[in-house]
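Here's a solo chain for you in structure tokens, the form predicted on its own.
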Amino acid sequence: MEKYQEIFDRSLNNPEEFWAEAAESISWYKKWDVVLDSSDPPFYRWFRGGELNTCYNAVDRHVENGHGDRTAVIYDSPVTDTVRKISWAELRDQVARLAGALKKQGAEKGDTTIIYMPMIPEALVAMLACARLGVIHSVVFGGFAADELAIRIDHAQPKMILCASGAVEGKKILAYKPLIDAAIERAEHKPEKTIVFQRDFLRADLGQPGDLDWQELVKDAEPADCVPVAAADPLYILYTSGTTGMPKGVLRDNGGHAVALHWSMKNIYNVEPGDVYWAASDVGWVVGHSYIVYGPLLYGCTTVVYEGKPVGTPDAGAFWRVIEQHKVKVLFTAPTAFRAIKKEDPKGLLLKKYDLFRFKALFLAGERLDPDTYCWARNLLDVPVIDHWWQTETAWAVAANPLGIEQFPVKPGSATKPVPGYDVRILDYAGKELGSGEEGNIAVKLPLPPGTLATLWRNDDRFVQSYLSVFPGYYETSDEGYVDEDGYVFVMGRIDDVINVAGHRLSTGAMEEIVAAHPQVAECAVIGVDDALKGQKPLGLAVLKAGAECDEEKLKEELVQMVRTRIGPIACYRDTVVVSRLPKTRSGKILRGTMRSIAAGKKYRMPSTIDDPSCLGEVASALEMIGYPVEHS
């Protein structure tokens, strides 16, 4: 552990020297005046005074360094039967032309855009074209419901929306333009332009004011040069999944983000420029931002854009086919993907069709990697299987097994060690630091390293309130866990109402708002329960209005449809239990944590503050009747 410990200690004891050294790998128009500006805590800023362009670092400089003919992007789409390779020179030209088209349509440095795209190369081109101009992009997961998109339009106030005409979802074709039109109609803010990339299998009707055809715009567009931006200028806004009402838009800067992601590619994932790196995710999530687009391209790796599923396109051997065909060195995906593969092909028979001799490591994140899935993947693939832990807010790993520094023995259930730059502490609710093995709140001592969230879009006060107010001097992760005697970090779950469904962070509070809106529901709670395939899934408990005559099965079907319409099928909301009352404290707080324990089959203590103990018995009986493994206490 000596090499890791020396690097880790240096990152905490002398962070300015450590990150200044890392920043030398990035091309700057103007070097920074101060590495870390601590003049206005808790608003720390990295590389103040520096100027750069993220798109130049991710694209142009590789061409200028003689790598224009090398492959930058591999597009693999089993759902459209397409495989296409894009060189660095081709990528630069596509990005520059789209940036030129956007510029001609009025996009300027500091403007915002929303990008609503499936997993196609044009999604990357759109993000990079915005970065080229200093335009702030906000990517929304393609297919997200119109209500949720409208909320983000009002919050980000984009000058333009860039989208595709549609996508293939399973065996169906999903048209995007009607969703966008509905969202714009509902939103108070009206974008000036909607630029639509027309796909071969589905052409959108461009009949609304401001609708423009992407292909027509770029055909004769004048390529645009990269615009220098300040290191602290925003690169993108990314909304935390499932938020309703006033969203939390995580704001990422340009300078610290480029430095941190470039550093992470070698030190965490142990890849080299020219290696093929595949993050099997979506550009709508932070994994897609960091490790489909910016991280690999900044470092000079070939990135894979995969438009498909781990199973069903065509079978549970899909991932093995992509790894062999494209010579993937490192795969990064969510544990859910491997649970799906394991369910379809438990003995891994499909792997025998493929030769994965170039494949060196599997990284998993987005939810806790359960030991069963770890052992299955490790035994099947015979390569390191690395669980690492990070968040939308951090943009890159807080804890990992850093293969490029030093490989540690794996402890199933642990994300291994804190990554250099992150001073991880376990605190009790009074803010007192706990000892090894004691479970509590996971917090990170300020300042956070480069690349992490700078603030929330247009809401500094909420940034402080949401992340920095509970434990002054620390970033509150809202995860709980412990650090063992060897310094390994174990993340056990969320403290707040966010659950991980197939790697997607979704708010149970957002689902509660939807369930409560049903005319026959008086009160409700939505909790996250364990699921063998998806990690977690939502479970609703509803109290009906007095005197309501209700077909409970019809009610459950209606609630499923309401959640699908408002949030989307990614919520995986299927189960509702009707009860006569919800267990609460005497002050009126619903005992969600206790209900989660009941649903998980854990023994639970009767809370001393409970108003009516018999409520818990009713909940336990109702859950037992639909198959939950209740442990009566």
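Note that residue numbering begins at 1 and tracks the sequence as displayed. Fair warning: this is a prediction, and the values are worked out from it, not measured in the lab.
What comes next is about the form predicted in complex with coenzyme A, which is not displayed.
Quiz item: At the 4.5 Å heavy atom threshold, is residue 193 in contact with coenzyme A in the model of the complex?
Solution: Taking the distances in the model of the complex, the answer for residue 193 is no, it never comes within 4.5 Å of coenzyme A.
Practice problem: Report whether the minimum heavy atom distance between residue 72 and coenzyme A in the model of the complex is within 4.5 Å. | Solution: Residue-level check for residue 72: no, no contact with coenzyme A.
Quiz item: Counting only non-hydrogen atoms and a 4.5 angstroms cut-off, does residue 172 reach coenzyme A in the model of the complex?
Solution: So residue 172 counts as contacting coenzyme A.
Exercise. Evaluate residue 572 for contact with coenzyme A in the model of the complex, applying a 4.5 angstroms cut-off between non-hydrogen atoms, and reply yes or no.
Key: It does: once coenzyme A is placed as it appears in the model of the complex, residue 572 has a heavy atom within 4.5 Å of it.
Quiz prompt | in the model of the complex, the one of 454, 502, 218, 149 near coenzyme A [non-hydrogen atom within 4.5 angstroms] | solution = Of the candidates 454, 502, 218, 149, 502 is the one lying within 4.5 Å of coenzyme A in the model of the complex.
Quiz prompt | in the model of the complex, the one of 317, 440, 143, 447 near coenzyme A [non-hydrogen atom within 4.5 angstroms] | solution = When coenzyme A is considered in the model of the complex, the option within 4.5 Å is 143.
Quiz item: Are all three of 58, 95 and 262 close to coenzyme A in the model of the complex, meaning a heavy atom of each within 4.5 Å?
Solution: Looking in the model of the complex, the three residues 58, 95 and 262 all stay beyond 4.5 Å of coenzyme A (heavy atoms).
Quiz item: So which of 518-526, 306-314, 460-468, 402-410 is the stretch with heavy atoms within 4.5 Å of coenzyme A in the model of the complex?
Solution: Only one stretch passes the 4.5 Å heavy-atom test: 306-314.
Quiz prompt | Members of 350-372 lying within 4.5 angstroms of coenzyme A, judged by heavy atom, in the model of the complex | solution = If the 4.5 Å heavy-atom criterion is applied to coenzyme A in the model of the complex, 350-372 yields only 365.
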